[in-house]
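Quick setup: one chain, the form predicted alone, written in structure tokens, and binding and motion questions come after.
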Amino acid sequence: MSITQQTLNRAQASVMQNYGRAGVVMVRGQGCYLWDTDGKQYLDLFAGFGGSVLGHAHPALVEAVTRQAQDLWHVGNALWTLPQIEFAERLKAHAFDGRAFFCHSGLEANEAAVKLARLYGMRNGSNRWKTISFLKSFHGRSLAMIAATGNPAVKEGFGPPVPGFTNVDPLDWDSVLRSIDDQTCAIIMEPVQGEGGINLYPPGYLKKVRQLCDERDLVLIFDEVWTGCGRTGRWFAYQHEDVVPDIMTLGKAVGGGLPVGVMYARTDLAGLFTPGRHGCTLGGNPICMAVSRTIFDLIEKENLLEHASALGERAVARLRKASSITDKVQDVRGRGLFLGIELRAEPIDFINKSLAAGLITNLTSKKVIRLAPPINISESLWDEGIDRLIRLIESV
């Protein structure tokens, strides 16, 4: 029996498979590569659901963790720490004037955002507590966030939905307007839908929602858990349009693979979270914050926004022009290094075929290949990855 099979047997006997897992066990990562227990090398074009935004074992991130662990490991949020302050300052510099609440994940950031929006809606004796979200969205797997998520499959089996959430078709504007009543306090949306299939809105749509929220005094929450930290070629995806949210949520890439979430709110809203209103014991852990701070510094220093934008455009052009896969590809879409390749038919055993080809990819919405590589992937390695992906699509 191979080492991999022995390890898989151990895993299946002790680890809950909350995610569908492929039959490999990874033991090492370096840059854009991973290696399994049998020594096979893989080119990682998905980067841990986008979390490993600068790849695996980046020397500067390893140094940041090591140095911070030697100085201060954890103190709890009854005290200030410098890494929290320094990372929050970077958010302020690259986003908008606001305040940061730190937690462990994008899910928790979205929970915090909805709670803050409800505080806003309930102020001055009002009774506004409902949130509108969109079909094909994904906002997390807590009971509240599966109610916010516009995908029935995510809700299945968990009983009556948590009240206060309405899922509507974003492209049916009349439906969006009808969903607002005198108890509505917020709209939550992804600037680019990730789990739903890398879906972009028509030009000007984010601004249209922003204007609606201003007219109706609603809190606009942008879920940037997938799209934040340079993934789309801007610091945050909302920056592709002339619009700013009231609250932005971050996760995945913001920790570089460590458990970090951020609910970032405009300053006046943030003031509603008075001490005791919300909390997180380990959120903003000094080690995680040292990594987050370093990620932002490296993105700026190495001009990775321009890099991600250019490589994304390059890949979209190549995939659309590849005559060998025209009959199999319905659409190629996305922004920066957050791309979706929609196939005309659901592929059979795609992930295992991808692994056999030495590629880490992802399939969402049954037939959309989702790409989210490290945004510092080299041009030559990205071209190699697209070449190999085209050959893979030819074979499915």
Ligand code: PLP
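For clarity, every value in this text was computed on a predicted model and none was experimentally measured. Sequential numbering from 1, following the sequence displayed.
The same protein also has a form predicted in complex with the named molecule, omitted here; what follows describes it.
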Name the residue from Gly228, Pro245, Gly284, Gly106 that puts a heavy atom within 4.5 Å of the named molecule in the model of the complex.
Gly106
Could you check which residue among Tyr120, Phe138, Trp235, Phe296 gets a heavy atom within 4.5 Å of the named molecule in the model of the complex?
Phe138
Thinking of the named molecule in the model of the complex, which stretch from 106 to 114, 79 to 87, 200 to 208, 151 to 159 has heavy atoms inside 4.5 Å of it?
106 to 114
Any residue of 271 to 308 with a heavy atom within 4.5 Å of the named molecule in the model of the complex counts; write them all down in order.
none
